[in-house]
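Only one chain is included here, represented as structure tokens and corresponding to the form predicted alone.
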């Protein structure tokens, strides 16, 4: 029983941070129809920016909420700057072009941003551990869990509900759905398609940066974290179905529980368990669990 509860809690925490990243990836694909290989780099930049702000400006004795504000501010800054810059100067030139060209462009951007990150912040690790450690622990079933994990869970829930509300309850959400269904007809209806694409990419970039910034206190922020997260994000969106918000949520939970189960029961099969689940899903549903709706809604 104790092992079961540990798997459920660890799986939920793991699913929360990977959802924050993968939902941005699937949002970008849903609107722009581009599989952004540089998404992991934007996650890493958000992690570095958040960690740098916390290390530079947050000290013991300050209100804990200030550390969360610094992390979110860093993520929003990255999204507001990098989103429009990358979409307008680079990705917009690839719309309607061959998919291989789009992949090559985003892969080149992935390499450039990786080197840019090293140039700005260096190669030494950043430890923004104060928010994580100062919040202390809470005991659940005789097992202590960091209270900071609750921040990740709450953030994932807020982001998920917020995106659902934007897509289903706002005028901009209806514009996005229209653009996904048919760009040419959307243009004839007077929808500013380039603006919708820029806004969608900026939101997706911001979500990647938020995932990185909120995860920074729990890890050592070092070069290479972009590779790990983009591989896991691809696993999530492939399982859930490219372009589906619901798929990203369900895929994150599946990946989180699969990894937690492997860690507690079969430690040597940590990453193998995730890819095994992905392979099984693709055998029976090649387009993912929610693949049928990816062209209609995000």
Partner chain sequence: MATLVRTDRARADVGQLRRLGGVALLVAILAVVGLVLASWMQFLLTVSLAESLAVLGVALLMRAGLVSFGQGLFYAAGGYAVAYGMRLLGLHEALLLLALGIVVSALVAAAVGPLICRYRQIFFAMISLAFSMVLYSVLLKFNGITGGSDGMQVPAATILGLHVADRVLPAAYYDLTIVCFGIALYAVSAYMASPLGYLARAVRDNEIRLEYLGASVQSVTYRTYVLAAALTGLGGGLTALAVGHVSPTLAYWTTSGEFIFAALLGGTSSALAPVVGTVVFESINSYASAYFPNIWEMVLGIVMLAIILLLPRGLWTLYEIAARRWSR
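Positions refer to the first chain, counted from 1. Everything quoted here is computed from the prediction, not taken from an experiment.
Although it is not shown, the form predicted in complex with its partner chain is what the next lines describe.
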{"query": "Location of its partner chain contact in the predicted complex, chosen stretch of 168-176, 197-205, 116-124, 76-84 [non-hydrogen atom, 4.5 Å]", "finding": "116-124"}
{"query": "Contact of residue 97 with its partner chain in the predicted complex (heavy atom, 4.5 Å)", "finding": "yes"}
{"query": "Partner proximity in the predicted complex: residue 62 to its partner chain, non-hydrogen atom cutoff 4.5 Å", "finding": "no"}
{"query": "Proximity of residue 246 to its partner chain in the predicted complex, heavy atoms at 4.5 Å", "finding": "no"}
{"query": "Its partner chain contact at residue 110 in the predicted complex, heavy atom, 4.5 Å", "finding": "yes"}
{"query": "Sole residue of 238, 32, 250, 53 within 4.5 Å of its partner chain in the predicted complex, by heavy atom", "finding": "238"}
{"query": "Non-hydrogen atom within 4.5 Å of its partner chain in the predicted complex for each of 9, 14 and 140", "finding": "no"}
